[in-house]
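Okay, here we've got a single chain as structure tokens, the form predicted alone, with questions on binding and movement later.
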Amino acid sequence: MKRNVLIAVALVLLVAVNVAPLYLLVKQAFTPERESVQWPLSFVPKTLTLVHLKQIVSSANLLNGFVLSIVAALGSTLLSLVLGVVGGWAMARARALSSVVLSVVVMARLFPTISVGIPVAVLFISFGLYNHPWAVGLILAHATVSLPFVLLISYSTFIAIPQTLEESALVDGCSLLGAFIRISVPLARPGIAAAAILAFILSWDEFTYALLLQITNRNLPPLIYYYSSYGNIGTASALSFLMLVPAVVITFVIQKHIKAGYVTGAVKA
């Protein structure tokens, strides 16, 4: 009995530690700033207001930042999935090269983003991608962040799918590309869905490249930083609250595809 009570208390504390910052963020987004900075801190809002959200809607700069974040996250996710899924499948089917590729991928992630951000910025200036109004350079940069993870997840997923299924499709007259699209990709859907969620979140939350590569055409993370540093706690909290919405929606929409049964069924076959 005592053990169960301790476990329950530990779980409650764990939930509280994770939920409390989220609750305070929502509270600050919908209450006047004076309540956010008062001491002692009040967890119960005294006055509710939509002034911070109205400021975002009325500011073209903030709305553009929100749209730019969506474009960058979706663009980099799509690019990472196309390259990572194909690359992961190729690594799973040519295992002699997989160890070399995996070593290179892991080594590439050892370098901090800030250490390669300036060379990337110089390169993008040469190609006209720096501070691009549609964040083309940022999409490419974010893809380099998420691609290694997508590649590793895809490799782990495809290696669990028996190659004999593709070979059977080839015997039945299907091309290699057709076998990949019709057989392997549907069976790998759970892993691809997980990789898509991770790639989106990595781009959505990424700060360093966004700060270095988009000087005037800012997306949300740098804007939140600037509003916070200048003491606009309410507006920064409202922006952070808006950042939660697409991430939750994308996760909710994609997570239904994450079912281990697909790959399990392929292995049993």
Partner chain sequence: MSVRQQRNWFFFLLVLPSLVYLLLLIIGPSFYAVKLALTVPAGIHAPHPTARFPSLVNFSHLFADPEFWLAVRNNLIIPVFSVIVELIVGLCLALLLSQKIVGRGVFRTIALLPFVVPEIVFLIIMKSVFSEHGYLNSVLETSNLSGVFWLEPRSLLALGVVILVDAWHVTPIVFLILLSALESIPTDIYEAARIDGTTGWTLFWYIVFPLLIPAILVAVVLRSIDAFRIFATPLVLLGFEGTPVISSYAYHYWIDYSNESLACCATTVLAIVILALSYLYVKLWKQAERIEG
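Numbering follows the first chain given and starts at 1. What you see is a predicted model, and the numbers here were worked out from it, not measured in a lab.
What follows is about the form predicted in complex with its partner chain, which we do not show.
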{"query": "Proximity to its partner chain in the predicted complex, single hit among Cys174, Leu78, Ile159, Ala108 (heavy atom within 4.5 Å)", "finding": "Ala108"}
{"query": "Its partner chain: the contacting residue among Leu244, Leu63, Val51, Ile70 in the predicted complex [heavy atom, 4.5 Å]", "finding": "Leu244"}
{"query": "Heavy atom distance at most 4.5 Å to its partner chain in the predicted complex, all of Ala10, Val17 and Met91", "finding": "yes"}
{"query": "Any non-hydrogen atom of Leu151 within 4.5 angstroms of its partner chain in the predicted complex", "finding": "yes"}
{"query": "Partner contact for Leu147 in the predicted complex: its partner chain, 4.5 angstroms, heavy atom", "finding": "yes"}
{"query": "4.5 Å heavy atom contact, Gly87 and its partner chain in the predicted complex", "finding": "yes"}
{"query": "Residue contact check: Thr164 to its partner chain in the predicted complex, 4.5 Å heavy atom", "finding": "no"}
{"query": "Residues within 4.5 Å of its partner chain in the predicted complex, restricted to 94-119 and counted by heavy atom", "finding": "Ala94, Leu97, Val101, Val104, Val105, Met107, Ala108, Arg109, Leu110, Phe111, Pro112, Ile114, Ser115, Val116, Ile118, Pro119"}
